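Below, in structure tokens: the form predicted on its own, a single chain.
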Amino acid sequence: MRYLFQFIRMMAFCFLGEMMHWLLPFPIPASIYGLVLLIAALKLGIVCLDEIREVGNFLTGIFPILFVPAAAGVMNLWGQLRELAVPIGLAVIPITAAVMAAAGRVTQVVAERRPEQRTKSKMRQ
């Protein structure tokens, strides 16, 4: 029963994201609205992480399975995509490397800040 309530909480944010997408004129996907609302609720303490942790871990665990239909669709269109394989590869490979480098750098900066924040918070106490 606990999993059902956790799932309902997460779906509520998905629904709110859909409503925002319907109401607001911006070209932002509803899922992004829902994620931003969920993050805001977590940061503001409206929702505790423990209230959605298990379902979140489950959904993250099955995430790759959700891409199987898309990959099968790409394979069905291989005849049309073959002509664009080189331009797509030239675009995807450097962008992927840039994203990985940026994510790694941001992670390093955040990891370096954490000990400083702990020290400052201990000094305040």
Partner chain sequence: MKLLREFLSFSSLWGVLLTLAAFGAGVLINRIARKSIFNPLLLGSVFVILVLSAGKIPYEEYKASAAPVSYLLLPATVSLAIPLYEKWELLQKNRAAIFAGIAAGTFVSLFCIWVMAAVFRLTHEQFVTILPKSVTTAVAMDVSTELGGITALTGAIVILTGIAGNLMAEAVCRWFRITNPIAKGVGIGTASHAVGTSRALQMGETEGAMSGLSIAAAGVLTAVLCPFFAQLI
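Just so we're clear, the structure is a prediction, and the values are computed from it rather than from any experiment. Note that the rigid core is defined as the largest set of C-alphas that superpose within 1.5 Å between two forms. Residue numbers count along the first chain shown, from 1.
Below, we refer to the form predicted in complex with the partner chain, which is not included among the displayed structures.
So, in the predicted complex, is L23 in contact with the partner chain at a 4.5 angstroms heavy atom limit?
Looking in the predicted complex, residue contacts with the partner chain do not include L23, since no heavy atom lies within 4.5 Å.
Note that the partner chain is not shown here; using its position in the predicted complex, name the residues of 94 to 111 with a heavy atom within 4.5 Å of it, in sequence order.
If the 4.5 Å heavy-atom criterion is applied to the partner chain in the predicted complex, 94 to 111 yields I95, T96, A97, A98, V99, M100, A101, A102, A103, G104, R105, V106, T107, Q108, V110, A111.
For L77, state whether the C-alpha moves by 2 Å or more between this form and the one not shown after rigid core superposition.
Yes, shifts by 2 Å or more.
For a quick test of reading the superposition: does C48 move by 2 Å or more at the CA between this form and the one not shown, rigid core aligned?
No, C48 moves less than 2 Å.
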